[in-house]
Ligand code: BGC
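Just the one chain here, the form predicted alone, laid out as C-alpha coordinates.
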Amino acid sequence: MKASLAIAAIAALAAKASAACWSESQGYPCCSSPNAEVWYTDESGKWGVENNDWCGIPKATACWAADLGYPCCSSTTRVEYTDNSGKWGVENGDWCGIIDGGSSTPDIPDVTPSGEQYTISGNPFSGVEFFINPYYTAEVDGAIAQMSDSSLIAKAEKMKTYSNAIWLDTIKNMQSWLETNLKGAYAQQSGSKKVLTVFVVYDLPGRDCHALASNGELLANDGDLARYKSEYIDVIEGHLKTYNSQPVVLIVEPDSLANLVTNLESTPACADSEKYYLEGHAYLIKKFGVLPHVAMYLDIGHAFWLGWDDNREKAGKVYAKVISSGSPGKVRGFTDNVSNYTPWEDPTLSRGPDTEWNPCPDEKRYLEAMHKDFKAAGISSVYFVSDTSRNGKKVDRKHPGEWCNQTGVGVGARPKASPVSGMDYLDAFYWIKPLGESDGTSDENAERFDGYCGHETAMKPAPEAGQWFQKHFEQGIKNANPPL
(Lines give C-alpha, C1' and ligand atoms only; values in the text may rest on other atoms or scores of the structure.)
Protein backbone atom coordinates (compact mmCIF):
# COMPACT_ATOMS: atom_id res chain seq x y z
CA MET A 1 0.00 0.00 0.00
CA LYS A 2 1.29 3.45 -0.76
CA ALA A 3 2.52 5.15 2.39
CA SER A 4 0.64 8.33 1.57
CA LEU A 5 -2.57 6.38 1.16
CA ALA A 6 -2.16 4.57 4.46
CA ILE A 7 -1.60 7.88 6.28
CA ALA A 8 -4.56 9.48 4.56
CA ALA A 9 -6.71 6.47 5.37
CA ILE A 10 -6.02 6.81 9.08
CA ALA A 11 -6.69 10.53 9.00
CA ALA A 12 -10.05 10.03 7.29
CA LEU A 13 -11.24 7.15 9.43
CA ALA A 14 -12.89 9.16 12.21
CA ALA A 15 -14.98 11.26 9.83
CA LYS A 16 -16.21 8.26 7.88
CA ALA A 17 -16.93 6.20 10.99
CA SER A 18 -19.01 8.99 12.48
CA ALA A 19 -21.02 9.35 9.28
CA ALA A 20 -21.83 5.67 9.23
CA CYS A 21 -22.39 5.24 12.97
CA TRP A 22 -25.82 3.64 12.87
CA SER A 23 -25.47 2.22 16.41
CA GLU A 24 -25.40 5.63 18.13
CA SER A 25 -29.19 5.80 17.88
CA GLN A 26 -29.27 2.67 20.06
CA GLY A 27 -26.90 4.10 22.66
CA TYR A 28 -23.70 2.45 21.46
CA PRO A 29 -20.67 3.88 19.66
CA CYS A 30 -19.43 2.62 16.34
CA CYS A 31 -16.34 0.45 16.30
CA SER A 32 -13.10 2.15 15.31
CA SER A 33 -12.69 -0.09 12.26
CA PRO A 34 -15.10 -1.49 9.67
CA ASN A 35 -12.95 -4.63 9.83
CA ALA A 36 -13.66 -5.29 13.52
CA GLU A 37 -14.41 -8.89 14.47
CA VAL A 38 -18.13 -9.67 14.30
CA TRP A 39 -19.46 -10.91 17.65
CA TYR A 40 -23.19 -10.71 16.93
CA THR A 41 -25.52 -9.86 14.05
CA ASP A 42 -29.12 -8.67 14.27
CA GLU A 43 -31.54 -6.73 12.07
CA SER A 44 -29.69 -3.48 12.77
CA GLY A 45 -26.28 -4.65 11.63
CA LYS A 46 -23.07 -6.29 12.79
CA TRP A 47 -21.77 -5.77 16.33
CA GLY A 48 -18.24 -5.86 17.69
CA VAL A 49 -16.70 -5.34 21.12
CA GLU A 50 -14.29 -2.56 22.10
CA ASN A 51 -13.33 -1.28 25.57
CA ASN A 52 -15.50 -4.04 27.09
CA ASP A 53 -18.66 -2.68 25.46
CA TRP A 54 -20.67 -3.32 22.32
CA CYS A 55 -19.97 -1.19 19.24
CA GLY A 56 -21.63 -1.09 15.84
CA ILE A 57 -19.39 -2.08 12.96
CA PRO A 58 -19.54 0.76 10.40
CA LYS A 59 -21.42 -0.07 7.23
CA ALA A 60 -19.88 0.71 3.88
CA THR A 61 -21.78 3.57 2.32
CA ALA A 62 -21.45 4.82 -1.24
CA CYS A 63 -17.79 4.95 -2.16
CA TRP A 64 -15.78 5.41 1.00
CA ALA A 65 -12.50 5.34 -0.92
CA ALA A 66 -13.47 8.52 -2.77
CA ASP A 67 -12.83 10.49 0.43
CA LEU A 68 -9.21 9.36 0.11
CA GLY A 69 -8.85 10.20 -3.56
CA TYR A 70 -9.48 6.72 -4.96
CA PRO A 71 -12.46 5.08 -6.69
CA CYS A 72 -14.33 2.10 -5.36
CA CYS A 73 -13.76 -1.19 -7.18
CA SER A 74 -16.22 -1.89 -9.96
CA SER A 75 -15.63 -5.63 -10.32
CA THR A 76 -12.78 -7.07 -8.28
CA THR A 77 -13.40 -8.42 -4.78
CA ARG A 78 -9.85 -9.68 -4.32
CA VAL A 79 -8.25 -8.01 -1.30
CA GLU A 80 -4.68 -6.83 -1.84
CA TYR A 81 -4.37 -4.80 1.37
CA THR A 82 -6.39 -4.01 4.49
CA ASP A 83 -6.09 -0.96 6.76
CA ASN A 84 -8.34 0.90 9.19
CA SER A 85 -10.37 2.40 6.36
CA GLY A 86 -11.30 -0.84 4.69
CA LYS A 87 -10.24 -3.41 2.15
CA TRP A 88 -8.33 -2.42 -0.97
CA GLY A 89 -8.17 -4.00 -4.40
CA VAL A 90 -6.48 -3.04 -7.66
CA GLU A 91 -8.15 -2.14 -10.96
CA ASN A 92 -6.61 -0.53 -14.03
CA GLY A 93 -3.25 -0.40 -12.31
CA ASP A 94 -4.47 1.67 -9.34
CA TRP A 95 -5.91 1.13 -5.87
CA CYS A 96 -9.66 0.94 -5.39
CA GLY A 97 -11.81 0.48 -2.31
CA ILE A 98 -13.80 -2.74 -2.01
CA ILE A 99 -17.37 -1.97 -0.98
CA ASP A 100 -19.38 -3.99 1.55
CA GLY A 101 -19.26 -7.63 0.59
CA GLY A 102 -15.52 -7.67 -0.04
CA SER A 103 -13.54 -10.02 2.15
CA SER A 104 -10.04 -10.61 3.44
CA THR A 105 -10.46 -14.14 2.15
CA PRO A 106 -11.53 -15.12 -1.35
CA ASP A 107 -15.26 -15.06 -2.09
CA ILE A 108 -16.83 -18.50 -1.69
CA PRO A 109 -18.02 -19.62 -5.12
CA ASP A 110 -21.77 -20.11 -5.39
CA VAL A 111 -21.69 -23.88 -5.84
CA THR A 112 -23.48 -26.80 -4.28
CA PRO A 113 -21.45 -30.01 -3.91
CA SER A 114 -22.87 -32.94 -5.84
CA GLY A 115 -22.49 -35.40 -2.98
CA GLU A 116 -21.06 -38.00 -5.37
CA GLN A 117 -18.47 -39.85 -3.30
CA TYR A 118 -14.89 -39.80 -4.57
CA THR A 119 -12.53 -42.53 -3.44
CA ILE A 120 -8.75 -42.17 -3.43
CA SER A 121 -7.08 -45.21 -4.90
CA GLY A 122 -3.32 -45.27 -4.47
CA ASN A 123 -1.29 -42.07 -4.63
CA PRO A 124 -3.66 -39.13 -4.01
CA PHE A 125 -1.33 -36.73 -5.86
CA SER A 126 -1.50 -38.72 -9.12
CA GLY A 127 -3.97 -38.00 -11.90
CA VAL A 128 -5.32 -34.78 -10.37
CA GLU A 129 -4.86 -31.04 -10.70
CA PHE A 130 -3.35 -29.20 -7.74
CA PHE A 131 -5.42 -26.39 -6.24
CA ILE A 132 -3.67 -23.01 -6.20
CA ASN A 133 -3.79 -21.36 -2.78
CA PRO A 134 -5.44 -17.95 -3.37
CA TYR A 135 -4.15 -16.47 -0.12
CA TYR A 136 -0.57 -17.20 -1.14
CA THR A 137 -1.20 -15.76 -4.59
CA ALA A 138 -2.30 -12.52 -2.93
CA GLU A 139 0.80 -12.56 -0.70
CA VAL A 140 3.05 -12.92 -3.74
CA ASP A 141 1.19 -10.11 -5.51
CA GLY A 142 1.93 -7.96 -2.49
CA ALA A 143 5.59 -8.96 -2.66
CA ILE A 144 5.76 -8.10 -6.36
CA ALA A 145 4.41 -4.64 -5.62
CA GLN A 146 7.56 -4.03 -3.57
CA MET A 147 9.96 -5.13 -6.34
CA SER A 148 11.56 -3.15 -9.13
CA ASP A 149 13.88 -5.79 -10.67
CA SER A 150 12.07 -7.18 -13.73
CA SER A 151 13.89 -10.52 -13.62
CA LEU A 152 12.96 -10.98 -9.96
CA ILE A 153 9.36 -10.05 -10.70
CA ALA A 154 9.26 -12.70 -13.44
CA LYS A 155 10.43 -15.33 -10.96
CA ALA A 156 7.87 -14.23 -8.42
CA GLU A 157 5.09 -14.43 -11.01
CA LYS A 158 5.99 -18.09 -11.59
CA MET A 159 5.58 -18.80 -7.87
CA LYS A 160 1.86 -18.11 -8.25
CA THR A 161 1.48 -21.03 -10.63
CA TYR A 162 2.51 -23.68 -8.11
CA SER A 163 0.40 -25.26 -5.42
CA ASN A 164 1.12 -25.11 -1.71
CA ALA A 165 -0.63 -26.14 1.47
CA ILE A 166 -3.30 -24.15 3.30
CA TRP A 167 -2.60 -23.99 7.04
CA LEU A 168 -5.53 -24.36 9.43
CA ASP A 169 -3.46 -23.13 12.36
CA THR A 170 -6.23 -21.68 14.55
CA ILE A 171 -9.92 -22.34 14.96
CA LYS A 172 -10.67 -18.97 13.40
CA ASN A 173 -8.41 -19.56 10.40
CA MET A 174 -9.95 -22.98 9.89
CA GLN A 175 -13.40 -21.41 9.85
CA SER A 176 -12.23 -18.82 7.32
CA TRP A 177 -10.20 -21.01 5.00
CA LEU A 178 -11.44 -24.59 4.98
CA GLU A 179 -14.83 -24.32 3.29
CA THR A 180 -13.74 -21.36 1.17
CA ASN A 181 -11.01 -23.40 -0.50
CA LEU A 182 -12.97 -26.64 -0.66
CA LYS A 183 -15.60 -24.73 -2.60
CA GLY A 184 -12.94 -23.13 -4.76
CA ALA A 185 -11.47 -26.51 -5.63
CA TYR A 186 -14.91 -27.93 -6.32
CA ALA A 187 -15.75 -25.05 -8.65
CA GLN A 188 -12.45 -25.61 -10.47
CA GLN A 189 -13.23 -29.25 -11.26
CA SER A 190 -14.44 -30.09 -14.75
CA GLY A 191 -15.55 -33.47 -15.99
CA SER A 192 -13.60 -36.34 -14.55
CA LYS A 193 -10.53 -34.23 -13.71
CA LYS A 194 -10.40 -33.82 -9.95
CA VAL A 195 -8.72 -30.98 -8.06
CA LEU A 196 -6.65 -31.86 -4.99
CA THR A 197 -6.50 -29.50 -2.02
CA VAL A 198 -3.85 -29.90 0.69
CA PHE A 199 -4.53 -28.64 4.21
CA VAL A 200 -2.28 -28.62 7.27
CA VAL A 201 -4.12 -29.65 10.45
CA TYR A 202 -2.21 -27.73 13.12
CA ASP A 203 -3.83 -26.78 16.40
CA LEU A 204 -3.15 -29.46 19.03
CA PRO A 205 -3.37 -28.47 22.70
CA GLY A 206 0.16 -27.63 23.80
CA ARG A 207 1.31 -27.30 20.19
CA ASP A 208 5.04 -26.71 19.51
CA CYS A 209 5.94 -27.91 22.98
CA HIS A 210 9.69 -27.63 22.32
CA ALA A 211 9.58 -24.22 20.58
CA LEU A 212 8.43 -20.70 21.30
CA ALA A 213 8.15 -19.11 17.87
CA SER A 214 4.81 -20.53 16.81
CA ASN A 215 3.17 -22.08 19.88
CA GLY A 216 -0.55 -22.40 19.44
CA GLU A 217 -3.80 -21.08 20.86
CA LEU A 218 -4.87 -24.19 22.83
CA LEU A 219 -3.23 -25.16 26.11
CA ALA A 220 -2.39 -28.64 27.34
CA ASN A 221 -5.48 -29.22 29.47
CA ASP A 222 -8.71 -31.20 29.30
CA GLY A 223 -10.86 -28.19 28.49
CA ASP A 224 -8.80 -27.21 25.46
CA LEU A 225 -8.66 -30.84 24.30
CA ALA A 226 -12.47 -30.79 24.30
CA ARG A 227 -12.36 -27.58 22.24
CA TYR A 228 -9.87 -29.15 19.84
CA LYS A 229 -12.27 -32.03 19.27
CA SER A 230 -15.56 -30.16 19.07
CA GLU A 231 -14.61 -26.76 17.63
CA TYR A 232 -11.78 -27.85 15.36
CA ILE A 233 -11.68 -31.53 14.36
CA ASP A 234 -15.46 -32.05 14.30
CA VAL A 235 -15.98 -28.91 12.19
CA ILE A 236 -13.30 -30.01 9.73
CA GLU A 237 -14.93 -33.44 9.54
CA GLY A 238 -18.31 -31.89 8.77
CA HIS A 239 -16.96 -29.86 5.85
CA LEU A 240 -14.99 -32.81 4.49
CA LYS A 241 -18.11 -34.95 4.51
CA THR A 242 -19.99 -32.25 2.60
CA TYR A 243 -17.26 -31.90 -0.04
CA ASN A 244 -16.88 -35.62 -0.59
CA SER A 245 -16.61 -35.57 -4.38
CA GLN A 246 -13.04 -34.24 -4.48
CA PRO A 247 -9.68 -35.46 -3.14
CA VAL A 248 -8.19 -33.90 -0.01
CA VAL A 249 -4.81 -34.43 1.63
CA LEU A 250 -4.29 -33.60 5.29
CA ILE A 251 -0.79 -32.94 6.64
CA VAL A 252 -1.26 -33.73 10.32
CA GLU A 253 0.17 -31.71 13.21
CA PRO A 254 3.78 -30.91 12.23
CA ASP A 255 6.43 -31.50 14.92
CA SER A 256 4.05 -33.04 17.45
CA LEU A 257 4.81 -36.78 17.39
CA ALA A 258 8.48 -36.15 16.67
CA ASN A 259 8.58 -34.21 19.94
CA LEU A 260 7.19 -37.27 21.73
CA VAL A 261 10.04 -39.33 20.32
CA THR A 262 12.88 -37.05 21.44
CA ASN A 263 11.79 -34.35 23.90
CA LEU A 264 9.63 -35.91 26.62
CA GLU A 265 12.42 -36.16 29.17
CA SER A 266 14.22 -32.91 28.35
CA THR A 267 11.25 -30.55 27.92
CA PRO A 268 8.57 -30.38 30.64
CA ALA A 269 6.08 -28.76 28.24
CA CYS A 270 6.31 -31.82 25.99
CA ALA A 271 5.72 -34.17 28.93
CA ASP A 272 2.68 -32.06 29.84
CA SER A 273 1.42 -32.27 26.25
CA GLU A 274 1.92 -36.01 25.70
CA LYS A 275 -1.59 -37.04 26.74
CA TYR A 276 -3.19 -34.44 24.49
CA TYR A 277 -0.99 -35.22 21.49
CA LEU A 278 -1.87 -38.91 21.75
CA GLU A 279 -5.58 -38.40 22.38
CA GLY A 280 -5.79 -35.72 19.70
CA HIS A 281 -4.22 -37.97 17.08
CA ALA A 282 -6.37 -40.95 18.01
CA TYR A 283 -9.49 -38.80 17.70
CA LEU A 284 -8.64 -37.22 14.35
CA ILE A 285 -7.52 -40.53 12.79
CA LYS A 286 -10.86 -42.09 13.75
CA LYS A 287 -12.69 -39.10 12.25
CA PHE A 288 -10.72 -38.46 9.05
CA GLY A 289 -9.24 -41.87 8.38
CA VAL A 290 -12.58 -43.42 7.42
CA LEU A 291 -13.33 -40.84 4.72
CA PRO A 292 -12.61 -42.40 1.30
CA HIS A 293 -11.66 -39.11 -0.38
CA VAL A 294 -9.20 -38.04 2.32
CA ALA A 295 -5.57 -39.12 2.69
CA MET A 296 -3.61 -38.34 5.85
CA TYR A 297 0.12 -37.99 6.37
CA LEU A 298 1.54 -37.79 9.90
CA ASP A 299 4.58 -35.57 10.37
CA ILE A 300 7.96 -37.22 11.08
CA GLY A 301 10.19 -34.17 11.48
CA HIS A 302 13.29 -34.32 9.30
CA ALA A 303 16.61 -36.09 8.82
CA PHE A 304 18.40 -34.19 11.58
CA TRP A 305 15.66 -34.80 14.09
CA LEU A 306 14.83 -38.50 13.88
CA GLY A 307 17.53 -39.71 11.48
CA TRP A 308 19.74 -41.51 14.02
CA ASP A 309 19.28 -45.26 14.44
CA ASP A 310 17.91 -45.14 18.00
CA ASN A 311 15.49 -42.31 17.16
CA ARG A 312 14.15 -44.14 14.12
CA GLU A 313 13.64 -47.31 16.12
CA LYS A 314 11.75 -45.44 18.83
CA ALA A 315 9.76 -43.53 16.21
CA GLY A 316 8.55 -46.79 14.68
CA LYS A 317 7.04 -47.83 18.01
CA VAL A 318 5.47 -44.42 18.71
CA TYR A 319 3.89 -44.03 15.27
CA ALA A 320 2.66 -47.63 15.14
CA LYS A 321 0.94 -47.12 18.49
CA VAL A 322 -0.62 -43.84 17.41
CA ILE A 323 -1.97 -45.26 14.15
CA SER A 324 -3.39 -48.29 15.96
CA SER A 325 -5.12 -46.01 18.46
CA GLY A 326 -7.12 -44.44 15.64
CA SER A 327 -8.56 -47.67 14.27
CA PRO A 328 -10.60 -48.14 12.13
CA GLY A 329 -9.25 -44.95 10.63
CA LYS A 330 -6.41 -45.34 8.13
CA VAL A 331 -3.28 -43.26 7.60
CA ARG A 332 -1.75 -43.10 4.12
CA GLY A 333 1.74 -42.21 5.27
CA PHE A 334 4.08 -39.53 6.55
CA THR A 335 5.47 -36.12 5.71
CA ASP A 336 9.03 -34.93 6.27
CA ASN A 337 11.02 -31.68 6.25
CA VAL A 338 7.95 -29.50 6.88
CA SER A 339 9.11 -25.90 7.32
CA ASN A 340 12.71 -27.08 7.24
CA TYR A 341 15.71 -26.66 4.99
CA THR A 342 17.44 -30.06 4.80
CA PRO A 343 18.36 -30.82 1.16
CA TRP A 344 16.73 -33.72 -0.61
CA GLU A 345 20.19 -35.03 -1.54
CA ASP A 346 23.53 -33.90 -0.15
CA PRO A 347 26.35 -36.13 -1.42
CA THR A 348 28.93 -34.00 0.43
CA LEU A 349 27.74 -35.40 3.77
CA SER A 350 28.26 -38.87 5.22
CA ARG A 351 28.00 -40.54 8.59
CA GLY A 352 30.76 -38.93 10.62
CA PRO A 353 31.66 -36.13 13.02
CA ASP A 354 30.28 -33.40 10.72
CA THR A 355 26.85 -34.98 10.98
CA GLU A 356 27.12 -36.17 14.59
CA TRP A 357 27.25 -39.70 13.14
CA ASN A 358 23.78 -39.41 11.63
CA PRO A 359 23.46 -42.12 8.95
CA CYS A 360 20.70 -40.09 7.23
CA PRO A 361 22.24 -36.68 6.45
CA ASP A 362 19.72 -35.77 3.77
CA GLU A 363 15.99 -36.32 3.29
CA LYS A 364 16.33 -39.01 0.64
CA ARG A 365 18.43 -41.26 2.85
CA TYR A 366 16.16 -40.46 5.77
CA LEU A 367 13.04 -41.64 3.94
CA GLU A 368 14.79 -44.74 2.64
CA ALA A 369 15.67 -45.67 6.22
CA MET A 370 12.27 -44.72 7.64
CA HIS A 371 10.49 -46.82 5.04
CA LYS A 372 12.36 -49.92 6.19
CA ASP A 373 12.02 -49.16 9.88
CA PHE A 374 8.32 -48.32 9.78
CA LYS A 375 7.58 -51.47 7.81
CA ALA A 376 9.55 -53.45 10.39
CA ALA A 377 7.47 -51.80 13.14
CA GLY A 378 4.32 -53.24 11.58
CA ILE A 379 2.99 -50.08 9.90
CA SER A 380 1.22 -51.28 6.76
CA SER A 381 0.91 -48.07 4.72
CA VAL A 382 4.24 -46.25 4.51
CA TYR A 383 4.22 -43.51 1.86
CA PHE A 384 5.78 -40.08 2.02
CA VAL A 385 5.24 -36.46 1.01
CA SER A 386 8.47 -34.45 1.22
CA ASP A 387 8.35 -30.67 1.69
CA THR A 388 10.63 -29.06 -0.91
CA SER A 389 9.44 -25.48 -0.49
CA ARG A 390 12.76 -24.21 0.92
CA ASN A 391 15.45 -26.86 0.44
CA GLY A 392 16.62 -26.19 -3.11
CA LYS A 393 19.96 -24.77 -1.96
CA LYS A 394 22.11 -25.79 0.97
CA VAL A 395 21.62 -23.00 3.49
CA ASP A 396 24.27 -21.27 5.60
CA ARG A 397 23.39 -22.86 8.94
CA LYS A 398 26.30 -23.91 11.15
CA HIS A 399 24.42 -26.97 12.39
CA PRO A 400 21.73 -28.90 10.51
CA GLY A 401 19.37 -28.56 13.47
CA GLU A 402 19.00 -24.81 12.93
CA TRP A 403 15.57 -24.12 11.48
CA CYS A 404 14.61 -20.42 11.72
CA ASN A 405 14.60 -18.14 8.64
CA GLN A 406 17.86 -19.53 7.35
CA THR A 407 20.04 -17.38 5.12
CA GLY A 408 20.93 -18.80 1.72
CA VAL A 409 17.42 -20.23 1.30
CA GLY A 410 16.26 -21.40 -2.12
CA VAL A 411 12.94 -22.81 -3.22
CA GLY A 412 13.30 -26.46 -4.17
CA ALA A 413 11.77 -29.07 -6.43
CA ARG A 414 8.32 -28.22 -7.75
CA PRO A 415 5.21 -29.99 -6.47
CA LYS A 416 4.96 -33.27 -8.35
CA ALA A 417 3.52 -36.75 -7.90
CA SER A 418 5.88 -39.75 -7.88
CA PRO A 419 8.93 -37.53 -8.49
CA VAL A 420 11.79 -40.03 -8.00
CA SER A 421 12.29 -43.14 -10.09
CA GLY A 422 12.76 -46.23 -7.96
CA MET A 423 11.04 -44.73 -4.89
CA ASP A 424 7.48 -45.90 -5.41
CA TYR A 425 6.75 -45.08 -1.77
CA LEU A 426 7.43 -41.36 -2.35
CA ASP A 427 3.99 -40.01 -3.24
CA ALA A 428 5.06 -36.44 -3.92
CA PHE A 429 7.30 -33.47 -3.58
CA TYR A 430 5.06 -30.67 -2.35
CA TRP A 431 5.33 -27.12 -0.96
CA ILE A 432 3.90 -27.37 2.54
CA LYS A 433 5.50 -24.33 4.19
CA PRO A 434 4.92 -21.34 1.87
CA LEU A 435 8.19 -19.60 0.99
CA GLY A 436 8.09 -16.04 2.31
CA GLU A 437 6.15 -16.72 5.52
CA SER A 438 8.42 -16.21 8.52
CA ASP A 439 9.48 -18.98 10.91
CA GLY A 440 9.61 -16.60 13.86
CA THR A 441 10.65 -13.16 15.00
CA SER A 442 14.24 -12.07 15.60
CA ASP A 443 13.10 -9.51 18.17
CA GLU A 444 14.60 -10.71 21.45
CA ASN A 445 12.01 -8.74 23.42
CA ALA A 446 9.04 -10.38 21.72
CA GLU A 447 6.93 -12.79 23.77
CA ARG A 448 7.43 -15.59 21.24
CA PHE A 449 11.10 -15.03 20.51
CA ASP A 450 12.92 -18.34 20.04
CA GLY A 451 16.70 -18.38 20.39
CA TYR A 452 17.11 -20.13 17.05
CA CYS A 453 15.67 -17.05 15.36
CA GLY A 454 18.53 -15.04 16.80
CA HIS A 455 21.28 -17.38 15.63
CA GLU A 456 24.03 -16.10 13.36
CA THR A 457 22.64 -17.94 10.35
CA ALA A 458 19.04 -16.73 10.81
CA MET A 459 18.08 -13.80 8.59
CA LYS A 460 17.32 -10.60 10.49
CA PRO A 461 15.31 -8.57 11.13
CA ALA A 462 12.48 -11.09 10.88
CA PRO A 463 8.76 -10.68 11.66
CA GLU A 464 6.59 -12.96 13.79
CA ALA A 465 5.92 -16.55 12.69
CA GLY A 466 3.55 -16.68 9.74
CA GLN A 467 3.94 -13.03 8.76
CA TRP A 468 5.33 -12.10 5.36
CA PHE A 469 9.14 -11.85 5.19
CA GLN A 470 9.97 -10.05 1.95
CA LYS A 471 13.75 -10.40 2.10
CA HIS A 472 13.56 -14.14 2.78
CA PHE A 473 11.14 -14.60 -0.12
CA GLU A 474 13.32 -12.68 -2.55
CA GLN A 475 16.39 -14.67 -1.59
CA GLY A 476 14.41 -17.89 -1.94
CA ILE A 477 13.36 -17.21 -5.51
CA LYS A 478 16.83 -15.96 -6.49
CA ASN A 479 18.34 -19.23 -5.23
CA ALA A 480 15.65 -21.52 -6.64
CA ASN A 481 16.90 -24.97 -7.64
CA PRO A 482 15.88 -25.84 -10.28
CA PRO A 483 15.77 -22.17 -11.37
CA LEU A 484 12.41 -20.46 -11.79
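Everything numeric in this text was worked out from a predicted model, so none of it was measured. Numbers for residues come from their place in the sequence shown, where the first is 1.
The same protein has a further form, the form predicted in complex with the named molecule, not shown here; the description that follows concerns it.
Proximity of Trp167, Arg207 and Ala465 to the named molecule in the predicted bound form is complete: all three residues have a non-hydrogen atom within 4.5 angstroms. The named molecule in the predicted bound form is not approached by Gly48, whose heavy atoms all lie more than 4.5 angstroms from it. Although the partner is absent from this view, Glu437 contacts the named molecule in the predicted bound form, with a non-hydrogen atom inside 4.5 angstroms. Although the partner is absent here, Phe199 is not a contact residue: none of its heavy atoms lies within 4.5 angstroms of the named molecule in the predicted bound form. Of the candidate stretches 429-437, 48-56, 24-32, 414-422, only 429-437 has residues with heavy atoms within 4.5 Å of the named molecule in the predicted bound form.
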